[in-house]
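One chain comes next, on its own, written out as structure tokens in the form predicted on its own.
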Amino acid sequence: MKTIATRIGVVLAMILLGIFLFISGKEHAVFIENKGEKYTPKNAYYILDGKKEVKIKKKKKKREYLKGVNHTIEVRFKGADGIEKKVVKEFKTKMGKKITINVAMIENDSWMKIEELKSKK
């Protein structure tokens, strides 16, 4: 009886560990685009979660993969007036959602677009 209880305990511990690793290590695809409504900078630079700085050209879109829930993006670009601007924003990723961040509009409220992912049937 003691052996069966030990085995059940080990199986439950493995299931809980699997759930924890699935939630904490889930990769999320985040799309970064440089396409503004009124003004689009020629080049913009962004840093996701303190990693390497990435350059994105005018009207281009890149895909990044992030792990976890809470993230930070730092964007640097030249504005329409020629002054270099630096903006830091925080955002959260959720399962089943597609996130698109527009670095050209990061100073506005519409800098991030969240869409439901369509399931394959």
Partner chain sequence: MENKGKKFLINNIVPIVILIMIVMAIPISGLSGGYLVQEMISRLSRNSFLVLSLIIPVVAGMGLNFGIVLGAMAGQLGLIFITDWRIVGMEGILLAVIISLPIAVLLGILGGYILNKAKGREMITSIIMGFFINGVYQLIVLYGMGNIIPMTNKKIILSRGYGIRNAIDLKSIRQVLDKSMVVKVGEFTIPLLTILIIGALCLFIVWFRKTKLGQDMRAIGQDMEIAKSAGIAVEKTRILSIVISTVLASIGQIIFLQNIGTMNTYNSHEQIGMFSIAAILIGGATAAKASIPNALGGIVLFHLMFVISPRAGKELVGSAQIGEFFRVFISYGIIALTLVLHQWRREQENKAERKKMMDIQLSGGEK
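It should be emphasised that the depicted structure is a prediction, and the values quoted were computed from it without experimental measurement. Numbering follows the first chain given and starts at 1.
Keep in mind that the form predicted in complex with the partner chain is not shown, yet the notes after this line are about it.
Per the 4.5 Å heavy atom criterion, the partner chain in the model of the complex is contacted by stretch 23-31, the sole one of 42-50, 84-92, 71-79, 23-31. Although the partner is absent here, K55 sits far enough away that none of its heavy atoms falls within 4.5 Å of the partner chain in the model of the complex. Under a 4.5 angstroms non-hydrogen atom cutoff, the partner chain in the model of the complex has G18 among its neighbouring residues. By the criterion of a heavy atom within 4.5 Å, M14 is counted among the residues contacting the partner chain in the model of the complex. For the chain shown alone, K67 is a contact residue for the partner chain in the model of the complex, at least one non-hydrogen atom being within 4.5 angstroms.
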